[in-house]
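So this first bit is one chain, no partners, the form predicted on its own, shown in structure tokens.
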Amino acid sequence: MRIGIPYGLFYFYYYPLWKTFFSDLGAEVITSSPTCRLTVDAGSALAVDEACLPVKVYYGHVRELCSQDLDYLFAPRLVSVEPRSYICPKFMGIPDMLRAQVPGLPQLIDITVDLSRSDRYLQQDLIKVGRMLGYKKSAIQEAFQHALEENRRCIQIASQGWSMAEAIKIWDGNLLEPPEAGDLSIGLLGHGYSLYDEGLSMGLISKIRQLGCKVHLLESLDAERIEMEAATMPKRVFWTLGRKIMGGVINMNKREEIDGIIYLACFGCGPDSMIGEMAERYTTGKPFMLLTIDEHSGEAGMMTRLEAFCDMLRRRRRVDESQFPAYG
């Protein structure tokens, strides 16, 4: 049994979980290639104009997998991954949009992931999928527990300073050279499916490291501390990723070793339009830069802004801070 998993959206958060789950149930997991220009162009041609860049890229990966000899394509309907919080509404309609717009689509495994109140319905869907693959309930539950453990192991790897994309490679058995320490420390935030996709973000993490900076990502921060910082806001952010990003912004703003904060946003993303503005307002003691990308963005413009930002941070170290304001 061959099951395809697109290299996009929540791949960067849960690929170890789903690969382990399906592999334990005897399936071969096929993944699309890393994002490139062809992926973006193919996805943009299929998706509606109102779709954000990560969704368009996801379409491109699905289009690539359609050319593979797959039995199923795994495209879950993501509603919520934790209690009292939700994911972007576009994620809820992914299976329906794929069926309507992608020709030659394999049969979908479109289980609903909604943990806003309980995991009862998710467990029922998992058992249906496992029985479809020919396994009993006990084996299915054992496979899912093993999958949760492997996903936690991957997150633990990421907590050591790797991006989630790098952590997945290490988890999958690849050896990577640790990034060199730089003279600057920059907090880098954004939705993981934009930030950790080297093709979509135009290698943002690598570019910052090449400029002599140490990158601090959300996964390297203490999860409990992030939740505590997010809880200090006047109103709870009900988007899971948005709340974690705001907790990360508040935490990074307090850390003396971090020289500046960069937020990567995607044009056309509703949550980004609000969270990006809030992140800038809550960053009061450090330089802050908002980078917005879409399918027409070029690397030259991004590199120019990054170089100017790093030059400003180094200059700020050399002059009296009272004469060089960090904000405003």
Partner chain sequence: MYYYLGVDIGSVSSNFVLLDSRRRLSAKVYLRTQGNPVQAIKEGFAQVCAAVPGPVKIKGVGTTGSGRHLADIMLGADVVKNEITAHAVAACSLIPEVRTIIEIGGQDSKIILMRDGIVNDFAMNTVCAAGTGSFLDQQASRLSINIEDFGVRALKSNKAVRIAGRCGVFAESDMIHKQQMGYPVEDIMMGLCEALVRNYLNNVGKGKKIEAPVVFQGGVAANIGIKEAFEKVLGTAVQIPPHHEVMGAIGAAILAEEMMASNGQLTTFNGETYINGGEFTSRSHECSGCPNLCEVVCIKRDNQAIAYWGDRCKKWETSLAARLA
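Not measured: the values here are computed from a predicted model. Residue numbers count along the first chain shown, from 1.
If you look for the form predicted in complex with its partner chain, you will not find it shown, but the lines that follow are about it.
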- Is Y14 a contact residue for its partner chain in the model of the complex, using a 4.5 Å heavy atom cut-off? no
- Query: Contact between I250 and its partner chain in the model of the complex at 4.5 Å, heavy atoms?
  - Reply: no
- Contact test in the model of the complex: E28 vs its partner chain, heavy atoms, 4.5 Å: no
- Message: in the model of the complex, does Q68 come within 4.5 Å of its partner chain, counting heavy atoms only?
- Response: no
- Candidate site F10, K19 and D110: all three near its partner chain in the model of the complex by heavy atom within 4.5 Å: no
- Query: Can you pick the one in V129, M202, I155, A143 that has a heavy atom within 4.5 Å of its partner chain in the model of the complex?
  - Reply: M202
- Task: At a 4.5 angstroms cut-off on non-hydrogen atoms, which residues of 24 to 48 are near its partner chain in the model of the complex? List them in order.
- Result: T35, C36, R37, L38
